[in-house]
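What follows is a single chain, given as structure tokens, in the form predicted on its own.
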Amino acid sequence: MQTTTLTAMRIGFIALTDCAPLIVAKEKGFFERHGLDVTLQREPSWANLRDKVALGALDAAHMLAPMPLAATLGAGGWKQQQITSFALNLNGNAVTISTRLWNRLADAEPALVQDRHEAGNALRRLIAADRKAGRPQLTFATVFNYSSHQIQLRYWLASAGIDPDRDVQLVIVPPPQMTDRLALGEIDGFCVGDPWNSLAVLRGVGRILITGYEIWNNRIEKVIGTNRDWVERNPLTHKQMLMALLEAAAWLDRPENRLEGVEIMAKPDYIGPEAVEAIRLGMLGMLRYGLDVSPEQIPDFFVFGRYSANFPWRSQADWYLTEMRRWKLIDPATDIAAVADCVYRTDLYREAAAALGKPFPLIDRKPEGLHAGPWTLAQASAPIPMGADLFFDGSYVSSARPVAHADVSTAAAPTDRTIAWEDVAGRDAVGSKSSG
């Protein structure tokens, strides 16, 4: 196939804190340094981004981690082979409910104020009481059917015995509209990326129940998505984009740069000055669960470059696809490992990282859910310090092929939802525990 080289690129994004590597690459000159003239285009919804990339109106876009998987499968829209070779960040989401719903929960179960890890169980009991009393179902919003938020919310609800398809109503709302819809009482809760959770708290209309980090430590949240044929036509441009983003992500993860990053993100063309305090909290690793409590430190609430954060781990793609199959969002006959291999292009990431002299993993999959704290990835071009990767319910993901849930349609017990790792004893071949 004949290839061409572009110097100009159009990249779309949604107004969320985790688009920061794109904004920083533009504002701090990393794109320009690597020979690219990038136009960043803010879009109102994930569906807009999906469609514009598929049609070629955008060359690349800020995407939810499952989006290129869904597009390649033709789930939720027309079929378009897409890839990602770069994760923009780890973490950054939360489940937030209205202050009205929080007050109901806290009145019914005062101990919840001291132990938010019981929030799911408290919510299950309130839903049962509402059903018995004939009250309307609670309505929760996510940002897109094929989103990390939809999957996270379903996973968390199911862990508490709440069936997300029968016990609550799930609706789709664009991220910037979440806080207003919550304030108006149109929804009772949502799962979205920051700054919209923090903004709901600061406005006094919401309460954060649990963060995405607490559901699964250091999970890939957003990626850069492109059409596969665009990359095949423009391999050098694609590599230049990855190199610029690698440098931007590293810049963002240096603590001395985070406040400047907040100022950049709060510009009117990006997220906007009305969200500056909410952006600041998340970027500094501080989370305020409610107005009546002090902010808490979650240093890894946003990870942009540490822990090999930008590597498109196929083990995480396996998990997303397995959950999508569980909830009947994709064909149950989908070959999960094959789709993950096709869409999450680890080879292209390695080429860009090697060009910059940065270390990169030599494996495509790793065990997920086995590390409570720092560890070292040994199977890499040079040892890479890694972060915790625990699931809140003790599950783990295979480093090889995922195993389907016994019953993908029901809210099974945590032990039934564990995705088996075929060789747990072999984990020292992948990584070793480090002190701390």
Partner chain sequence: MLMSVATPTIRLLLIDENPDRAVVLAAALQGEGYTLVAQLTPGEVSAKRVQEIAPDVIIVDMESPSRDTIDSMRQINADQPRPIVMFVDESDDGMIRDAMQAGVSAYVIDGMNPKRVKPVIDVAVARFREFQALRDELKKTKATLSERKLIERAKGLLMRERQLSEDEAHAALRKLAMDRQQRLVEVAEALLAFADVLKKK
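Only a predicted model underlies this, so the values are computations on that prediction, with no experimental measurement involved. Numbering follows the first chain given and starts at 1.
Below: the form predicted in complex with its partner chain, not depicted.
Among heavy atoms of residue 154, some come within 4.5 Å of its partner chain in the predicted bound form. Its partner chain in the predicted bound form comes within 4.5 Å of no heavy atom belonging to residue 380. The closest heavy atom approach of residue 47 to its partner chain in the predicted bound form falls within 4.5 Å. Proximity of residue 359 to its partner chain in the predicted bound form falls outside the 4.5 Å heavy atom cutoff. Interface residue among 76, 290, 161, 285, judged by heavy atoms within 4.5 Å of its partner chain in the predicted bound form: 76. Proximity to its partner chain in the predicted bound form, defined as a heavy atom within 4.5 Å, singles out one entry of 234, 99, 145, 346, which is 145.
In plain terms, the part of the chain that comes close to its partner chain in the predicted bound form, with a heavy atom within 4.5 Å, is 320-328 out of 320-328, 292-300, 238-246, 204-212. Residues 165, 172, 173, 174, 177 are the ones in 158-180 with at least one heavy atom within 4.5 Å of its partner chain in the predicted bound form, listed in sequence order.
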